[in-house]
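Quick setup: one chain, the form predicted alone, written in structure tokens, and binding and motion questions come after.
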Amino acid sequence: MTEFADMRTVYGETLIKIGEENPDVVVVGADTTDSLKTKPFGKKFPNRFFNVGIAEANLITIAAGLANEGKIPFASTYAAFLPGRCVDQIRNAIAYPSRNGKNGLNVKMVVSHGGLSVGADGGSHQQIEDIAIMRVIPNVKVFIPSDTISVENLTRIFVQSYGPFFMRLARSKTPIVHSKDQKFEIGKGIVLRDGSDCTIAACGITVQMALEAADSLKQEGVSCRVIDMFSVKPIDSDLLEKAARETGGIVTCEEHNIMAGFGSAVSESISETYPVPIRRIGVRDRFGESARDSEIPLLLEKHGITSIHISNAVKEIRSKTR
């Protein structure tokens, strides 16, 4: 049976653990500390916890000030508000400055409620542009974890690595796709399933869909390689080139607009190394819409983000390359 777990809960628990290990870790929130599960950090370390209220631009500038004084701030709120309401502050207060000869400030931006699987709040709160926004800002590294094991490992890596980082968490509980001893590295994808006929590269909640698609295609005699590309920027160009050479085609999947998103990042990389046919699964340049929790699978299906759509894209590529 597939095990599900909550990314936000694990993020909050991991912050407390690293806060105990490193006194420079501080947490900044924007009136969403209950939802982001960072409030327990504030109870444990009240002098290292700052809730600035509904003021996302202020959230970023305060985090920048803390980083400038040598702290390691984790700034968290909903993806609709970060980067949605504070791109200018992210660019000019965090990514642009340098400190001690290092590019950007040491701020960790961790958001939840990304993509379509937000719930009933609708298109205004379904952030499907954040990958595109964040990956074009110089010095910012972008991560979309697939499960709670990814979240814990990446949060720890952020503390150990200097620079601006952006990580998007899912609102709903997600299936566990990695083993507890899985190693994570910045800029390195993880091959979850080997295969020779086509590659499926996915991030976030779509990694599980990719695995389901690979299982289904295996029953039809199609061998698919599945890669968790949690590191969107920097992206693992070497792994993608190897997959392109060995499997002849790539299908990408993301809970994001396909315009300038993860699939675009893969396409850009492959076009410069070993061009092969690529099909992108994601929101096709339109806004989301309201869906109750029980209706989220229907909303994803409406936007073509399912294992079936991934399978069909693999078949389409194979029909044109054989």
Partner chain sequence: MGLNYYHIFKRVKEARKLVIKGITAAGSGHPGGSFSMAEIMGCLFYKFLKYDPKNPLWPDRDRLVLSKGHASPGLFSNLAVAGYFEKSEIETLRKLGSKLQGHPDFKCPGVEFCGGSLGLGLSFSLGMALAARIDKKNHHIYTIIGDGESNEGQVWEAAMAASKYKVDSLTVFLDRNFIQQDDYTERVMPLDEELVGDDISEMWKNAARWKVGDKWRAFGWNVLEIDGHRIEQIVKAINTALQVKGTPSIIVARTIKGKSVEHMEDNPKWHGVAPNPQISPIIDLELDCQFLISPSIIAGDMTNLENEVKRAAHGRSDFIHLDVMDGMFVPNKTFDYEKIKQLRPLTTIPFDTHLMINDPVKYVKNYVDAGCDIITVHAEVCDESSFGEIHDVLHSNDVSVGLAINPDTELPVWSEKFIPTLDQLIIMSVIPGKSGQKYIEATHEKTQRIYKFLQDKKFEGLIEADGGVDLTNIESCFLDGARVFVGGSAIIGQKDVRIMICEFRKKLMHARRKLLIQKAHSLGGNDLVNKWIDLHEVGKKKTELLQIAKEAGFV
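Keep in mind that what you see is a predicted model, and the values were worked out from it rather than measured. Numbering follows the first chain given and starts at 1.
Another form, the form predicted together with the partner chain, is not on view; read the next lines as being about it.
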Completion exercise
Among 218, 99, 173, 156, just one has a heavy atom within 4.5 Å of the partner chain in the model of the complex, namely 99
Exercise for the section: Would you mind picking the one in 296, 278, 270, 57 that has a heavy atom within 4.5 Å of the partner chain in the model of the complex? Expected result: 57
Exercise for the section: Classify residue 93 as contacting or not contacting the partner chain in the model of the complex by the rule of any non-hydrogen atom within 4.5 angstroms, answering yes or no. Expected result: yes
Handout entry: residue 89 within 4.5 Å of the partner chain in the model of the complex, heavy atoms
Key = yes
Problem - Interface membership of residue 26, the partner chain in the model of the complex, 4.5 Å heavy atom rule - result: yes
Exercise for the section: Decide whether residue 290 counts as a contact residue for the partner chain in the model of the complex under a heavy atom distance cut-off of 4.5 Å. Expected result: no
Exercise for the section: Would you mind picking out the stretch of 32 to 40, 278 to 286, 48 to 56, 257 to 265 that comes within 4.5 angstroms of the partner chain in the model of the complex, counting non-hydrogen atoms? Expected result: 48 to 56
Problem - Contact set, 57 to 86 vs the partner chain in the model of the complex - heavy atom within 4.5 angstroms - result: 57, 58, 61, 62, 64, 65, 66, 68, 69, 71
